[in-house]
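One chain comes next, on its own, written out as structure tokens in the form predicted on its own.
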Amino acid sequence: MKYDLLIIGGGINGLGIAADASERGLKTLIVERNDWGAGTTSASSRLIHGGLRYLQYGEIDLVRESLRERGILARQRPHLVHPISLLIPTFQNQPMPGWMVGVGLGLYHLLAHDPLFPRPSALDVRDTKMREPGLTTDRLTGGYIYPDAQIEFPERLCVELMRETLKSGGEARNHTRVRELRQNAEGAVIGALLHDELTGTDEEVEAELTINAAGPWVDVVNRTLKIPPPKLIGGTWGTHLVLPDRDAGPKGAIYATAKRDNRPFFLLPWNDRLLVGTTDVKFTANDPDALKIEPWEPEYLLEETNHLFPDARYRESDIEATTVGIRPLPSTDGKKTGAITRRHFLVNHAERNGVAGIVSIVGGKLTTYRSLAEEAVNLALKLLGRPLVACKTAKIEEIPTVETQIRDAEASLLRLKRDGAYARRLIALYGSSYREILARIEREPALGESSSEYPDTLTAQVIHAREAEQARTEDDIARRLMTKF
């Protein structure tokens, strides 16, 4: 089989490229060796944000781009991306004085210029404690509140992009690994040998252009070339903890500075729990699969959480889950991890290394996946000698509000004589596509019963995951339903 475009890597960036490319008429195939969004995407802080701390390193253009994309995503996919208000508590003798935090937030607001996200505001000690009663008063001087956005389930966004790829005529295969890139006599990449990890079958595919969007595994894929290019990825890893929600813990989202090493970290309400992270450590091994959480990381995150909320008294036994992932940042020498740029780069190997037919994606973050994809598809069209077709992924259509969709879903469930309490969860996972679930129940009423295997789930959702969302394993199903983390 021959394609215009082969995309390697089914994280948020690869899927964004696939959806855009297929919509613009390119015959596209995307492959992912695991499941959609199961790597770095699912190990993120689950924020769609402008990158407040990037201002500290002078990356104004990156912040502006991120804030623009934040606004687009919050309007396009409000069931997944919604504004949240974060508190930055301020303390005596902290590395960055409170007035400087206020100046940064003012610039952040000016760069956004978005009515969906209100102006930041300062709080005194009393108002800060009213907002967060459990917050320590030790040297507390007040705080600032500012808006950003959260995406609780980026895995669901990945599934949506996969389905959009298929709808536009593209192909998508999960659990499919690239054994090697294939090259012609001149050294140009002309496709790949693929291996289905579940069936054990191999297939050779041809492609005019290959985009390596494998994230932390970019160099691993490129090492299958006859003459591998220099190392591109110099990633850092980050760990998060999932903790139970507690009365003495945070009531809302917190953006704080760690006492031990002055690193920024988040405490975020997530899926009726608390998500805490992240660490930021240089990854120096050649194999991203070798990544493991270090024992000090949970200790560090628990210590910092308990420093801010001493009466919460979180312990290691309270940890419900951990996530760890590698940020696919550009390879650099000597820079502190926090100072490594979060920009993305498109590496055209024909220009860089004399190997035609392949482009590698370096960097990129959850918030800017759409703009990265637009840039990548523009480059692909140019390299393929095709006319530049306008990108449509920034288009914002009028859609019902989330609350309206929840009310409609609740009424539909009750009409089908099913529990309306499922409505909120259906909208959170599917948005307006919840009607596909209800249509299954209308055709087969037994599918409206609660699943015996997955909590807070209808049997119709399990069937939908298998038949419409490429869930090929039990873990895939749990990821579609967000019942496992």
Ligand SMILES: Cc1cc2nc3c(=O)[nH]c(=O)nc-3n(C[C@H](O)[C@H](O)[C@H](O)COP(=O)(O)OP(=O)(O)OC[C@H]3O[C@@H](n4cnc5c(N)ncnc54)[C@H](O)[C@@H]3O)c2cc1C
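Model, not experiment: these values are computed from the prediction. From 1 onward, residues are counted along the sequence shown.
Keep in mind that the form predicted in complex with the named molecule is not shown, yet the notes after this line are about it.
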Q. Which residue, 31, 441, 423, 67, has a heavy atom that falls within 4.5 Å of the named molecule in the predicted bound form?
A. 31
Q: Name the residue from 366, 243, 302, 135 that puts a heavy atom within 4.5 Å of the named molecule in the predicted bound form.
A: 366
Q) Every residue in 44, 217 and 221 with a non-hydrogen atom within 4.5 Å of the named molecule in the predicted bound form? A) yes
(Q) Since only the chain is shown here, I'm wondering whether residue 360 would be in contact with the named molecule in the predicted bound form (any heavy atom pair within 4.5 Å). (A) no
Q: Indicate whether the named molecule has at least one heavy atom within 4.5 Å of a heavy atom of residue 79 in the predicted bound form.
A: no
Q. Though only this chain appears here, would residue 213 touch the named molecule in the predicted bound form if you measure heavy atom gaps against 4.5 Å?
A. yes
Q) With a 4.5 Å heavy atom cut-off, would you call residue 386 a contact of the named molecule in the predicted bound form? A) no
**Q.** Contact segment among 425 to 433, 32 to 40, 450 to 458, 56 to 64, judged by heavy atoms lying within 4.5 Å of the named molecule in the predicted bound form
**A.** 32 to 40
Q.
Residue by residue through 89 to 111, which ones have a non-hydrogen atom no more than 4.5 angstroms from the named molecule in the predicted bound form?
A. none
